[in-house]
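As structure tokens, the next two blocks hold two forms of the same chain, structure 1 and structure 2.
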Structure 1
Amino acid sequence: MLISVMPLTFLGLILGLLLGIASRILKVERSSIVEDIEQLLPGTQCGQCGNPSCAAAAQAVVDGELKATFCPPGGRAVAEAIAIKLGIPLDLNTLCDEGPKVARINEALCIGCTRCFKICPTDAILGSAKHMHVVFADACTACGKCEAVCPTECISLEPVQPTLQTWVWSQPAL
């Protein structure tokens, strides 16, 4: 037993050590600013900005190819954070952020085709074939992917309703 375990353990240790050294030597340098920007993004790889992933989008915005307002699910908050981080001017007029939204399924029209929960990047939709689907509001980032694939157009993005915890007085109007 021991005679078969020891050589394998030994082999694994040596190979692990070699790989560890190799990973140090062959480390791909990524600028820390790109990683910081990527941390600010939702990380759902929804692709609405036209980039295949949030990492690619972070790289593009650092290179100046995208505006700070490129991220639709991130909305105003993310755009401001990116602009502050990069020190670039921010034009919020181009951003039509209507406040946080959440996807809602119209149960009367849902045919249970499962397309929306297969495409959801945050696993915020629950359902199974030929059964009604439902959205977990806490996990939904309102990226709109489910809205695009729904064959019966029963998914809509609706403003988040204020709860007792989130409701505030509206600003006094002059």
Structure 2
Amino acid sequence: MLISVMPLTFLGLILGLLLGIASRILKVERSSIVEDIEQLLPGTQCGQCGNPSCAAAAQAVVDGELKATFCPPGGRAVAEAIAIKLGIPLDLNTLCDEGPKVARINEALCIGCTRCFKICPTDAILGSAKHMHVVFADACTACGKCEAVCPTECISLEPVQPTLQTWVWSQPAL
């Protein structure tokens, strides 16, 4: 038995060592500003900005290909943080900030087709084939992918209802 285990162990050690050396030699250096912008983004890889990932979107905004208001899930706060980080003026007229939203599933219409949770980038939808589905509001970024793919149109994006902890009285302007 030892004779059959030793070659596999030796092969694993050699390949691991080669991969470790290759990762250090072939490492692609990235700008620190791109990494900082990527840390500001939600990191859901939703693709609403037209880029395949948040890293590609961060690179595009640093290169000047995207405006600071490119991230719908991030909203106004992320746009302001990106503008401050890059030192660029922020045009909030192009930002469509309707407030926080969350996906809701109408259980009476849901047929359990599983298309919604297969496409959800944050795994905010739970369900199984031919059973009801539910949305975890804490994980949902309201990207709208599930709404677009639903064949029965039972998913809708609705504003987040204020709770006792989040409600704020808007004082009248003087």
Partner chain sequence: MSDYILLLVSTALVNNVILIKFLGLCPLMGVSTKMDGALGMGLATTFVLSLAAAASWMLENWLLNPMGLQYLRILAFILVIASVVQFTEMLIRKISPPLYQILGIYLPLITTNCAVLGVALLNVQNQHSFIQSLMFGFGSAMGFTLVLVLFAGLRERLAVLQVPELYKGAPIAFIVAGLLSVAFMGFAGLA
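The shown structure was predicted, so the numbers you read here are calculated from the model rather than taken from an experiment. The term rigid core refers to the most C-alpha atoms you can superpose between the two forms while keeping them within 1.5 Å. Quick note, the numbers are simply positions in structure 1, starting from 1.
Student: Look at both copies of the chain and name the one that is the form predicted alone.
Tutor: Note: form predicted alone is structure 2; the other is not.
Student: Rounded to the nearest whole degree, how much does the smaller rigid part turn between the two structures?
Tutor: Between the forms, the smaller part turns 17 degrees against the larger.
Student: Keeping the rigid core superposed, can you check how far the CA atom of Ile25 moves between the two structures, in angstrom?
Tutor: For Ile25, the C-alpha ends up 3.8 Å from its position in the other form.
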